[in-house]
Structure formats: C-alpha cells, structure tokens
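First, one chain by itself: the form predicted on its own, in structure tokens.
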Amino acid sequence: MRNVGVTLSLFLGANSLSVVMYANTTNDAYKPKTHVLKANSETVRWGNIGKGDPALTVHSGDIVTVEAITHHSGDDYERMIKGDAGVEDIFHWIEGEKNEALRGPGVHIMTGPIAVEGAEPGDVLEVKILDMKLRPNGNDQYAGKTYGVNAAANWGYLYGDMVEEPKKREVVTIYEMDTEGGTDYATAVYNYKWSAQTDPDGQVHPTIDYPGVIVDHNTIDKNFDVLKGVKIPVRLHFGTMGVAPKEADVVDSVPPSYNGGNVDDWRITEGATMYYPVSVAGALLSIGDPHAGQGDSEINGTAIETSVTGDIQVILHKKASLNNKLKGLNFPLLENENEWVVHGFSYANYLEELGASAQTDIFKNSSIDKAMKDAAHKTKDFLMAGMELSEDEAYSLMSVSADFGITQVVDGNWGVHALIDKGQFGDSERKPVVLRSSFENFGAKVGWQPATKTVTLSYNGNVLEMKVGATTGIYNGETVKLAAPISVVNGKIVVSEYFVNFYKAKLAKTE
C-alpha cells in the first residue's frame, strides 16, 4: 500500500509504460438479448396490473429498455404531452374518440405486461434496475427540460385537515428538471388549485377523480411564487412495478400487495434489485408510475410524477433452486449494494384477506399499526430464514439495528418498510471478489491507468471508467453514480458480488 499505483499495476497486469492495457480473454461471451418496449396506446394498460395478453415476451436474463409514462401528464399539456407522439397517443381523447378507453380500476399508466418464458407459480422473478433517465418533453418551447407533477390530492393524508381555507382543496405543483442530468435537482415552476374540469365527453370532475383528464389552463390561476430557492433532490424510481397476482384477472393499480405494484418506495431505483413472488404463468411484469422525487410516506398524495425510460434485466429463479432468502417469498423484497429492504402492508394479501369486495374495501381498512406488524413479522422471518438467526437473535437485531419507516399512507394498502444493513453481517452479505477476474470471466476487458488510479471496463461496446474510492464513474461518456466505490484490499481491487452482477448486466446491454 506504500505505492498504490505500482501495487495496482502489478495486480491488474498493467504495463506502466502504457496508458491503458486491456487483457486478452478467450472466455465465452455473455450476450443477453436486449428488447425495447415503447409506451403507446398498444403497449400500456391504464389502472390495471392484473392478468392480460403480454406486450412483450422475454427469456430469463434478457434486458428490456422500457418507457414509463406518468398518468399526471394532463395537468400541464404544453409541458408534458404536446409534441411527444407516444404520450399524445396514450392521452388522445376528443368527443366520441378516446384512446385507452378502459381507464381503471386504478389510475396508473402501466407499460406491459412483460411475460417471462418458463415462469410458473412458486418461482421468484428478479428485476435489476440498470438505468433510469428522464424522458424529454416533446415541445420545442421547453427543449432540454422534463416536467413533473405533485398533486396534493383528495386521497392525501391531511386532506380536509388543513388550517387555511378552503380546508378541502387540491393543489397541483409543476416541477422542472434538466433532462440530461446537468443538475440533480427539481425546482417548482408554479402551482394552482384544482378547479372543476369538464372532459371531452361532458363529464364534470370537481376533484381529481379520473385519470387522463386534460386540465384547461384557462380555468386555473397559476401561482409562480412557490418554493423559491428550494432545490428538491431528483431520485428517479418506479412507483409501481410488479407481477400479476393470481386472485383476480383485473386488479386496481393503486393498492400494493405481495406481488409488488404501487409500493411507492423511492429506493426502487437504478442500482436496486427487486424480487417478486410469481403466482401466474409468465409472471406478467408491469412497470409504470415513474417518479422524480418522493419522501417516505408520500404524504400529500403523490410524488413528483414524471415520465422515465429505464433499463431492466429480468432473471427467473425456479422454485426448486431458490436460496433461503427467496424460498417461500411472499412480499416484494428489495436489495441494493448495502441493504435488504422488507416491505409490509396493512394487509399482506388484501385480495385474499378481504374477499370479493377487496378492491373497494381496502381503501376503508388501511392501518399503519397493521402495516408495522406485518413488516415486523416479515423482517423476523427473513432474518431467521435468510440469515439463519434464531427467533430471539432476529428479534434483538430488529430492535437494535433495523430501521422501520413508513413507505406510504396514500395507496389504500398502507406500507411500512424495514431496512436491514448488510454490513453488520460481514462478508457473508457483501462478499468481496477480485475485480479483474470477476469481469474477465464473462469476456469484459479490464484496463488500468496508474497515473489517475482509474479502472476501465469495456464490453459489448460499453465502457465504464471508475477511480479508486470515487462514488461516481463515467459510463459511455456520462457521469453515473456507482453502486459502490471500488476499493483496494491487500493490494488488490475488490468489489462485491452484487457490484459484479449489476455491472455485468449493465455492460451487456445492446444499444
């Protein structure tokens, strides 16, 4: 460690006279197929995450570039719909002519479903989120910007419990972001109080009660003096993602459940992996409700609802080969470099527990107490099965190190999550592996620049550059946040197995 440059040069096999040296490899190439699933009226469903004909069928290991559109685009037509052919197609609605005529029973625009070959009940579907990018608006007047909506809506936690009059009011705030990521924050542009809107079929909407209504801006008063000087961190994530449940054919997209759906956890972002229990043939994965920013609880009704394009990889784990963490999985489980995240709800499976009228009754029966109890039991069970702890050990650990938080209180089936730090288990949960051999094993080239202590990974036309200790890297010329910094241990560059599996997939994507 007295001379990190020399030590790493020896380890990486770099010639100190060369700026970059790539290793030759004869290993079989890793080439998952890449699909593109665009969002339009033919590839989305509005408000339904149940069974249905797939918009795309893939194999385990395949990568999908998927477009996800916010159902709140109509709150500012000029900034969020105009000029974008896909979004215009989805929202098209004039008198007597309405694309996506079936809007319900929920509200979210869900791209898919995506069927996975060979998926059967009892299996587990792994979904890696490899990349997320803001969707540019289509209006040249606002070039380079993406817009999002926060609605303090009638389903918000404090609706009717405000101090200022009118106490029952809905307020829409429009946020602006840099499409290319030149800034990592959102700023408020203006807000307005919702006024009764008349849709093209003549139906009046006194509140935000139906998806896809285009707000007539001649009927609202805009307040541009809002959140001046405040910069909201952009945390892109999918608010609603999950597989189809077995209990019903048509399923409201609003309440989350064991199959995922509208979990609304901002940690479901680039670098994270979700695990979903499969209960129907093909799994039928749906993706939508993209967000640019949200706090735990999503208290006033929504996040910053925006449109996003993401890259995901789907991996099927068959029932017979599940490890202890995934065996018997009955909830949406999140993993990232540093944590496991367990998701609990007021009802673990509300469709089964509440019976025939479950999809309406759930909105009258939510409880944080029930969600906390559900999350606690799931966390205890996960620690016992996955970490092989006794019940007393698990219960103690939950109290002294697990962080329980309120995921959301606005989606009918309220949520509580538990964060379990991998680091407390040592190498068993963050197993260190040697960077060079791990990436060369699937055909990647590894380069080393001693002067800048930079490692370069090249594969399938993609290039990732990372400096030792840095939290960001350069991927195909763009700055990206790394899942974790690369580090030096005993003279060798090491990363975690999670790091390798994530960037193996990201590097394999075909443009």
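Sequential numbering from 1, following the sequence displayed. Fair warning: this is a prediction, and the values are worked out from it, not measured in the lab.
From this point on, the text means the form predicted together with another copy of the chain, which you will not see here.
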4.5 Å heavy atom contact, Tyr210 to another copy of the chain in the model of the complex: no
Considering non-hydrogen atoms and a 4.5 Å limit, does another copy of the chain approach Val230 in the model of the complex? yes
Should Ile304 be counted as a contact of another copy of the chain in the model of the complex, where contact means heavy atoms within 4.5 Å? yes
Could you tell me if Gln424 has a non-hydrogen atom within 4.5 Å of another copy of the chain in the model of the complex? yes
Between the options Val416, Ile362, Met274, Val124, which residue brings a heavy atom to within 4.5 Å of another copy of the chain in the model of the complex? Val416
Interface check vs another copy of the chain in the model of the complex: of Ala248, Leu354, Val215, Met398, the one with a heavy atom inside 4.5 Å is Met398
Taking Arg436, Ser458 and Val494 as the candidate spot, are all three within 4.5 angstroms of another copy of the chain in the model of the complex by heavy atoms? no
Segment that reaches another copy of the chain in the model of the complex - one of 377-385, 106-114, 314-322, 278-286, heavy atoms within 4.5 Å: 377-385
Give, in sequence order, every residue of 356-374 that has a heavy atom within 4.5 Å of another copy of the chain in the model of the complex, or say none if there are no such residues. Ser367, Ile368, Asp369, Met372, Lys373
